[in-house]
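Consider the single chain below, provided in structure tokens and representing the form predicted on its own.
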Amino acid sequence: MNEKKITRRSFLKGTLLTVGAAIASPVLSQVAPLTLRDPSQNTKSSEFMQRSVSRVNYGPSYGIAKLNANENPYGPSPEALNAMNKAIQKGSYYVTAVTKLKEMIAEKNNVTPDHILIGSGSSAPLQWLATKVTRKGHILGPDLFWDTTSIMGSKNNQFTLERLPKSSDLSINLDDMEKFVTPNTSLIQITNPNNPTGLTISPTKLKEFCKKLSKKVLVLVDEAYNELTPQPEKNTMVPLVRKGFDVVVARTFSKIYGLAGMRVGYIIAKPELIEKIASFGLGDYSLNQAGVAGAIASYNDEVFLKFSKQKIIEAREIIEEAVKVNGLQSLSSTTNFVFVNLGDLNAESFRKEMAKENVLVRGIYRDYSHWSRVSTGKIEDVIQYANALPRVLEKIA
């Protein structure tokens, strides 16, 4: 039997049948020709779409001081915006630039690319890690820290999250943490600087702790806010990863880089551990072109990072001064948020009244009902917070 090879030329030729040929074939004569129409030519549809798109908000509405999510409202940087604009034009393809981002992170941290695992924010690899370790034991963390990934990762496993007792000054007591390690502990989790307290652990003490405890159990240090500290290079635990300790360091582009909505983060750990953690995720398919492009463009953008840090510190000082002037106290923060002690006042009542003033802050964390976290937004936003503060305090007093 002779088979006719179908080529692009023969296919196109077949679509240009004459009317006579179409009549000769009863099947072809019933097939309507395929035509591509420009959707914009449909005036009603186009106008409807434009109205629908114009109603979508991709950030806070005008007049709303959004101070509840530890974002950097000055980002993405101009370089990131340019890169993302180019990337979305290739948005029909799965992301391929992850290798480049890994190489950049590895070079800056003096490790190899196989020490790096990139995910949708640092949340993704942190949750994969939690899922892995809670199959064999508990996660041990402070009483108050950013525990979302630990809780979600352990949800369907036998072991869960165990917490240290409360500390009077809300600091993370490393001596107590060591005492609470048991044979059923599979991971120690520390956020440094801590969220929501904003407190930073002494790098000397933390390094000694990690060296000692990592011989018994895996230690995770979430450094989401490290770049905001006065001495990021001194505070990081990445040197311990380089030396082969069982330490995992998490970082994100959601904070100082101003890419919270673009969802890019990573962890740094020994290659054999990275491979095991990665098996719980979807790999590069969980990422997007624009996010990776923005991360690549931002990573070494020292001009933007310096500008952002200056604005964050300026905003933090305004918040701290407003708190002091109104007779309240706050913890000493090295981050883009401040944890405020409201005294006898309820943090949820405070949050609701602040919302009426078009100022968004966080409410109660766990059972810390008298503590309120406020993030450093734009300068005009924190001034709006400062101006609303005395009115709200008077209302709920």
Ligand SMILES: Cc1ncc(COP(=O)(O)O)c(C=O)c1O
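Everything quoted here is computed from the prediction, not taken from an experiment. Numbering starts at 1 and follows the sequence shown.
Another form, the form predicted in complex with the ligand, is not on view; read the next lines as being about it.
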Item to check | Answer range among 151 to 159, 251 to 259, 288 to 296, 172 to 180 for contact with the ligand, defined in the predicted complex as heavy atoms within 4.5 Å | outcome: 251 to 259
Checklist entry - Can you pick the one in 191, 134, 77, 235 that has a heavy atom within 4.5 Å of the ligand in the predicted complex? => result 191
Checklist entry - Looking at 127, 195, 308, 185, which is the one with a non-hydrogen atom within 4.5 Å of the ligand in the predicted complex? => result 195
Checklist entry - Is there a heavy atom of residue 123 lying 4.5 Å or less from a heavy atom of the ligand in the predicted complex? => result yes
Item to check | residue 316, heavy atom within 4.5 angstroms of the ligand in the predicted complex | outcome: no
Item to check | the ligand contact in the predicted complex: residue 224, any heavy atom under 4.5 Å | outcome: yes
Item to check | Touches the ligand in the predicted complex: residue 263 (any heavy atom, 4.5 Å) | outcome: yes
Checklist entry - In sequence order, which positions of 141 to 163 have a non-hydrogen atom within 4.5 Å of the ligand in the predicted complex? => result 146
